[in-house]
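Heads up, the chain below is alone and in the form predicted on its own; it's given as C-alpha cells.
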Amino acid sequence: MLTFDTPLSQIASIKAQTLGKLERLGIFTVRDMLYHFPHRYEDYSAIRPIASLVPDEKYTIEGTVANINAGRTWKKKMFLTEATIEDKSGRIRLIWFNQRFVAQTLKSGMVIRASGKVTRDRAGLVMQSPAFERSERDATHTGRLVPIYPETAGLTSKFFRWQLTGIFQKLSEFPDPVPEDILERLHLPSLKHALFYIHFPKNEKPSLLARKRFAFDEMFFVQLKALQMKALFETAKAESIPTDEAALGHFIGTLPFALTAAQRKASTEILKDMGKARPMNRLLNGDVGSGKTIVAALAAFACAERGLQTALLAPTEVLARQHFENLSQVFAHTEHHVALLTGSYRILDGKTVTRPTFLKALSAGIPKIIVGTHALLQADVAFDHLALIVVDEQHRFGVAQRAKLQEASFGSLDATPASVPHFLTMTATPIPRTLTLAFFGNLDLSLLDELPKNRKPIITEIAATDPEREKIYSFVRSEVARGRQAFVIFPLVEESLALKEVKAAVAEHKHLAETVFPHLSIGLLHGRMKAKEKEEVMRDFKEKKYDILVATAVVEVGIDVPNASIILIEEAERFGLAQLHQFRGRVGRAEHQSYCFLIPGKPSGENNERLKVLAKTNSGFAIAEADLSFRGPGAFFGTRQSGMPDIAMENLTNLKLITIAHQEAELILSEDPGLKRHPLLISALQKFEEQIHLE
C-alpha cells in the first residue's frame, strides 16, 4: 500500500536513473513528491477551433490525426515527427523534434487534444512540440489548467504530472497534521484536497485556496516553534545578574562618547532581563550606526563584573575581528580582556595562542568576553560559566539556525547545564514591523531608532549620466585632497556569463588606478580573498595607506573607517534598498559630512523610483518597508538566508495570516503544551525543522 513515507524506489513507473535526478532535488519519498509544488500554470482549459488560431499565442485544440510522417531532417540530421490535425473548422501541422515516441504513439484516425504555442513558417501555421493526449482520457497535460514544475535535473513537468496522477490514484490516506477544528474555523481545505488543488486545479480559485492552506501551515509551524522556544526560555532557569550601578556608571564614564537615549533605554531593558532568574530572549534591532555593539558591551560588562562569561557570535571572520577590535578598545580601561576564536584566529590576552591553550583558558574561565564565529559552538569548546550569548547579524542565519543557536544555550556549553545563558540577538538590518512577528515571534524587542548626536545625515544622490560621473570623480579627488577617503562598490568579483554587462571589481580597480585616479592609492577587497588578506587590506585602508577602496558586497557590514566620507555604488539597481542602506552606513561614522552616490548601470523609471527612496530618507526602517514593497520578502531576506519555504516567503507581508497563525499556535499550546494529543503535528514539526535547515 502506498503511504506518504513510501520510498520512490518502490514505485515501478520511476526508473533507477530517474531516482538519482529526483534525489538531487531532495525528493526521496511520496511525501516529497507531493510537496514539490508547481511554480506556475498554463491555462489550456479552453479548446479552440483550428480556424480561429493566430500566431504567437498558446492554445488547446482537439481533432483527428489526418496523417503522420517521421524521419530525419536533411540539414541538421534531427529526427522530425510531423502530423496534420483537423477539426470541423480546418487543419494545422504539429511538429516535434527528436521525440521518437511521438511517431510510435500517434496513428492516423486517432482523436487527440494538443496544447502549445502556434507560430508561422513558410508552409503556414504550425504548433511546435505541443503536449498531447488521447481525447477519451482525463485531461492531464492538455485541456485544463496545466501545472508547470521547476524543470531541473532533466525532469520535465510532464513526468511530474504523470507520476502525481498515479500517486493520487493509489494513495488512500492523507494524514493531516493541522487539527480539523482549525481548518473549519479558517475555512481551509483538508490536506488531501489542498494537495490535489495545488497540483491539478480546475481553475485558479482552488489553486489559490491550496496555496493559502500551505502558507498557513508553514507560518503555523514557524509560530509553534517560536512559541515552544519562548516557553522553554520562560520555564528555564538562568543566572540572575544584578547590575552594579556604580561600576556600570564608571564604565560608561570611560567611553569617548555619550550614550543616546535609545541606547540607555535598550540597555535598561536588557540589564533588567538579565537580573531575572529566567533567561533573557531579546532582539536588539538598530539602524546602521545606532550603536548596538556598545549596548552589548554594557551587558557583557555586567556579566564580567560578576565573574561570568559572555560569548559574542558573528557570521563571518571579518565581522568577528571587527567586534574584537572595537570591544578591546571599549574594555581597555577595565581589567577584562577580550578574546577571539575563529577558524583563523585564537587571540588570548592580546597574544596569538594554540587552540589547546585557548580552550584550556576558556574552560578555566580566564577570558570573560569571547568573540568568535561558529567555531565557538564546536563540540570541544567548553566554557566555565557562560551567562550571556550575543548573536550579531542574525538575519544572515536561517530560521532553523537561529533556533539552533538558542537550543545550544540549553546544552552543556559549560559546567552548569541546569543554568541557561541569557540570549541577545542583534541586527543592523531594520526589520519591518510586519515581519517581526513572523521571524522573531519568540523574542522580546528593543529598538535603537536614534543616531549619535554628532552624526550628520549622509547626502545621497543618483548619478545616471557620464557628465555626472565625471563630476563625482572630481569631487572624490577634492575630498581626498582634504584628507578624506572613499569606497567604490561593485556587485561581482569577475565577469559572469549571466551578467556580462556587470563591471568586474577586479577590472574596475585596474581602470580606476590607471586611468581615473592615477595619482591616488587604491586598494581592492572581495569575498574570494582569504580572511587574513581581507584583514590586511582593511587595516591598511583604516591606516590611510589607501585613498580609495574598491570592494564588493563584503563591506556591507563590519568595516568601520571613520575617515571615509564618500561611497560610490556602481550598478546600484542590482542591490536591494536595505543592502544599499547598509553600504551607505560605511560612511558618516564620524563628524565629517559624508556622501553616497548611486550610479545605476541601466537607468530606468522603475530603478530611479526605487533609488530615490534612499535619496529622500536616512531612516533604515522606512527604507526596509519600501524595499519590502518593491521587491517582496523573498528578495528582502533571501529565501535561503531566511530559512523559510517559498510559500511562506510569498506571504510574509500578509500580517493577517501571520497574526492568525500566531493566535492558533498560542491556542493549541495553551490546551496541549506538549502536543501529546497531536502526534501528527509533532511529526510534521520535526519534518518542517529538517526542511528549513538550509545552512
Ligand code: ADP
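Note that residue numbering follows the sequence shown and begins at 1. Being a predicted model, the structure only gives us computed values, none of them experimental.
There is another form of the same protein, the form predicted together with the ligand; it is not shown, and what comes next is about it.
Chemist: Between 455, 93, 374, 202, only one gets a heavy atom within 4.5 angstroms of the ligand in the predicted bound form; which residue is that?
Modeler: Checking each option against the ligand in the predicted bound form, the one that comes within 4.5 Å is 455.
Chemist: Tell me, which of 537, 215, 288, 522 has a heavy atom within 4.5 angstroms of the ligand in the predicted bound form?
Modeler: Partner contact (heavy atom, 4.5 Å) among the options: 288.
Chemist: Report the stretch among 615 to 623, 507 to 515, 280 to 288, 465 to 473 that approaches the ligand in the predicted bound form to within 4.5 Å, counting heavy atoms only.
Modeler: Only one stretch passes the 4.5 Å heavy-atom test: 280 to 288.
Chemist: Is the ligand in the predicted bound form near all of 259, 292 and 589, within 4.5 Å of a heavy atom of each?
Modeler: Checked in the predicted bound form: all three residues contact the ligand.
Chemist: Using a 4.5 angstroms cut-off on non-hydrogen atoms, would residue 342 count as touching the ligand in the predicted bound form?
Modeler: No, residue 342 sits far enough from the ligand in the predicted bound form that none of its heavy atoms falls within 4.5 Å.
Chemist: Although the partner isn't part of this model, could you tell me whether residue 560 comes within 4.5 Å of the ligand in the predicted bound form, counting any heavy atom of the residue?
Modeler: Answer yes; at least one heavy atom of residue 560 falls within 4.5 Å of the ligand in the predicted bound form.
Chemist: Verify the contact flag for residue 263: yes if a non-hydrogen atom of it lies within 4.5 Å of a non-hydrogen atom of the ligand in the predicted bound form, no if not.
Modeler: Judged by the heavy-atom cut-off of 4.5 Å, residue 263 is in contact with the ligand in the predicted bound form.
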